[in-house]
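There is one chain below, alone, in structure tokens, taken in the form predicted on its own.
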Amino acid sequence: MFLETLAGASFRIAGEIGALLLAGSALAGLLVEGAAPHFWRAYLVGFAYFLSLSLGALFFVLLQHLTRSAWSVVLRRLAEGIAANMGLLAILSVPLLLFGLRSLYPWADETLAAHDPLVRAKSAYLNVPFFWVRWAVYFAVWTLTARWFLNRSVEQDRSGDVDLTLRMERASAPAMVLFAFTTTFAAFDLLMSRDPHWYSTIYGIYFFAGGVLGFLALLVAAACVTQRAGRMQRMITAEHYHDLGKLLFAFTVFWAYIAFSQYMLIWYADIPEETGWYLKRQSETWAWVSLALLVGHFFVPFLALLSRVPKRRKKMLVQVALWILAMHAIDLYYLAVPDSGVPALPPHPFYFTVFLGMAGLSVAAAGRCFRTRSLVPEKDPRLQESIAFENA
């Protein structure tokens, strides 16, 4: 009971600090001359980061049901809780959609669109009302899907009805199709349309790969924190960490493959309107960010996870997971921020205050989700198989 009270207080404090940091950053962005563009870029990076993690969690939940996986049952409720943060993210999207569009997206400026033939040609898709409609659809799909799977899982905790597992498995296939379409177009809208002259058909997969990789790292960290708090100590074993380590390794390689494929195709074609996007990211201080991603987002975790040993040692795996989470933040900074005359280093303080503000709110929302729910699907028919799981 003491631990539950302490955890509840910690989540509440995290939420209060997060709200204060976010509100203070917004106030500074409004009052300090020339600070508004920095605030909105920082807001976009933070929003994209936590959205990508919740999307990664939703993908994990759908995938486990789709493949009828048993090993992951003890971890699935943590993923369901992180995916359930979609409601909070929908609220956080409102300031961005109502007040940040003109600062972040050139196509939202009607005057510019009228004098730019390429932007004008895309105006049927890139216009503010249709942008709002699309985001309403995205969040409706994500929020309803996350809540439906969480509610069915919790309902099974009470009833033990095996048919609920079958219902979730049948629903996972169409839900995965909706997830694929909405996530791809959300990546186009949120990040790629920052430069309306540039496009990449592989961009949605790049965003997806980074989000899933970031979520898997978060799941490792969340499982470790849960066990340090005295929960699920005999349920989550070295075998589960081993499988999470293998998934981290796989998605590290997948992210690198997609990043290289996009870069290689654009470099090989050498079309000016396509290469300009990379030119900005290879000039001045942004070149250091590109190099940091090459080394830190691929080579470091690749080498760290290549062996079997770190996958089975929780402390080592958590260190790699925290590193990946940091690299994922840098990756989204690299995707979202570069504009003409915007240096990469040093980053504006808003990137830290806004990020920590959203982190505090996200932690509080996840804690509230688990306040009245078990941390494990108690009556899932595969629970005992998951607890006894061993790698071959």
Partner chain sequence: MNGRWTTADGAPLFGLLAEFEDVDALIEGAQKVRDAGYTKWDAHTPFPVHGLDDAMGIRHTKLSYLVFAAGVFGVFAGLGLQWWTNTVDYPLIISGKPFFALPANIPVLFEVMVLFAAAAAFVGMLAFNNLPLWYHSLFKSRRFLRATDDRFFISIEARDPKFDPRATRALLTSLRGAAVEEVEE
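Not measured: the values here are computed from a predicted model. Positions refer to the first chain, counted from 1.
From this point on, the text means the form predicted in complex with the partner chain, which you will not see here.
Participant: Is every one of R147, F188 and W198 within 4.5 Å of the partner chain in the predicted complex, counting heavy atoms?
Facilitator: Judged in the predicted complex, none of R147, F188 and W198 sits within 4.5 Å of the partner chain.
Participant: Just one of 134 to 142, 257 to 265, 106 to 114, 74 to 82 has residues with a heavy atom within 4.5 Å of the partner chain in the predicted complex, so point it out.
Facilitator: Flagged stretch: 257 to 265.
Participant: Taking heavy atoms and a 4.5 Å cut-off, does A121 contact the partner chain in the predicted complex?
Facilitator: No, A121 sits far enough from the partner chain in the predicted complex that none of its heavy atoms falls within 4.5 Å.
Participant: Within 4.5 Å, heavy atoms only: does L306 come near the partner chain in the predicted complex?
Facilitator: Output for L306 is yes: heavy atoms within 4.5 Å of the partner chain.
Participant: Taking heavy atoms and a 4.5 Å cut-off, does E390 contact the partner chain in the predicted complex?
Facilitator: It does: once the partner chain is placed as it appears in the predicted complex, E390 has a heavy atom within 4.5 Å of it.
Participant: Would you mind checking 342 to 376 for residues with a heavy atom within 4.5 Å of the partner chain in the predicted complex?
Facilitator: Residues within 4.5 Å: none in this stretch.
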